[in-house]
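Okay, here we've got a single chain as structure tokens, the form predicted alone, with questions on binding and movement later.
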């Protein structure tokens, strides 16, 4: 193989690290150079992620030797190991797409609102990519801290009292979650003597019965840390305010942050506590299911109650997190495969919505959300206050473009046809009602299937009502008659994300086949374990391992 092919797996970590460090050496006056370096680095990450998707999307026996990377050439389980499979490659691609779009959007003004914006984005990407690729729990903690350190500064990017207040709460909550992470990891290591996830999968069936309660307590504490980051109810009440206070491009990028917690739950639960885990098999699955359903229910009610568009986006993100966790808790490969398709669609749609909100509210008067309640109660609102400073140049048919984009975002979030959100929900229900495959007969529909149906219908209905109400206030009864001054560089990322959702709709078959293969790979982790223990050290022949 070529040098790049040999070291392709570590590139998504090294590239943003080097790019971010290089940008720190560039003088603040040369912000265009920093922006160019950031865009080139993220575009290269996207290309590499697509290459890793191609590497992972082959039978395990054909690619197992190229899917694990041993840092420092140390043996397993001592080595720091990076592993790429269909799920991790999918998450790498999704994060690169969102990062590229948010960076382009930020070029209009946001990247100059504070120091080191593009460097922080690169360090955030380094942490995200490392979390998706790492094969052991301790380095998962390390990469979590890297991405969180970058996110702390990005939340505060642009200053302002609201951002500072939300940022401090965000930092405090995540520091507490990190402490729980360390406690859980320490307890698991104390019982098993390893933190390599593939090694844990092999050792777990042989854990003594006397030690298993301590192991499961450690796993439960670790799960709480993951679920805080996944923003499950009631641990996720911080998310709408924090993301709403952040700048629009940062909020769009942070959509993938909640998915890191989802990824960690899915990876550790299926790999370590999968069907092979003996007495601990599918430990906590029912808790995931019902906590996910509770999150969907509470967030759906909050979607209906909120008057603020950013809060609406935040609670919609909670709905997506709850849906994903409930799908994981079913323990069915078909449902998880459909959930991964839903993860892609909801992330792109909500990311576009966060960017769109700033444009649609550019002429919004201060205090309009409070006045909206007055308007609904009494039919009018007085005391209009000045809006924000106008930015950009008005492009032709601005309101038409914003309106079409809003409709598409609403359809995606509510899960209505003909966009990918509807396909995702339909696939979820099809898998839940037919666990043996489309058209299967025999067993009656399970209670889990009916609960999932009720949650999806509730969340879709409330999102439709709330988004229709918001759309009417923005486009039919605007507080200002001025057309927002929107730049093409701001509309392009929104259009790109929505076009990708349209492509996802047209190419739903191939994408669903990929996500289904990723889910089946998670439920049969033998190939993951084999790729880790079979990864050859320099100068050695590959080995084999059995789970």
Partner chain sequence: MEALVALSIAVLTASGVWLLLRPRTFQVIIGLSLLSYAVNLFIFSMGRLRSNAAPLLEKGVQADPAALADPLPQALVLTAIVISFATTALFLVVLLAARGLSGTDHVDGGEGRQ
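Residue numbers count along the first chain shown, from 1. This structure is a prediction, so every number in the text was calculated from the model and none was measured.
This protein has a second form, the form predicted together with its partner chain, left out of what is shown; the following refers to that one.
Query raised in the report: Are 53, 55 and 74 jointly within 4.5 Å of its partner chain in the predicted complex, each by at least one heavy atom?
Result: Answer is no for this spot.
Query - Proximity of residue 205 to its partner chain in the predicted complex, heavy atoms at 4.5 Å - result: Although its partner chain is absent here, residue 205 would stay clear of it in the predicted complex, with no heavy atoms inside 4.5 Å.
Query raised in the report: Using heavy atoms and a 4.5 Å limit, would one call residue 145 a contact residue for its partner chain in the predicted complex?
Result: Within the cut-off, so yes.
Query - Partner contact for residue 190 in the predicted complex: its partner chain, 4.5 angstroms, heavy atom - result: Yes, residue 190 lies within 4.5 Å of its partner chain in the predicted complex.
Query raised in the report: At the 4.5 Å heavy atom threshold, is residue 108 in contact with its partner chain in the predicted complex?
Result: Because no heavy atom of residue 108 falls inside 4.5 Å of its partner chain in the predicted complex, the answer is no.
Query raised in the report: Of these, 269-277, 326-334, 447-455, 133-141, which stretch puts a heavy atom within 4.5 angstroms of its partner chain in the predicted complex?
Result: Stretch with heavy atoms near the partner: 133-141.
Requested in this report: Find the only residue in 152, 238, 426, 283 having a heavy atom within 4.5 Å of its partner chain in the predicted complex.
Outcome: Selected option: 152.
Report task. Quick one: from 305, 465, 400, 164, grab the residue that has a heavy atom within 4.5 Å of its partner chain in the predicted complex. Result -> Result of the distance check: 164.
Query - Any residue of 281-312 that, in the predicted complex, places a heavy atom within 4.5 Å of its partner chain - result: The stretch 281-312, when checked against its partner chain in the predicted complex, contributes no residue at the 4.5 Å heavy-atom cut-off.
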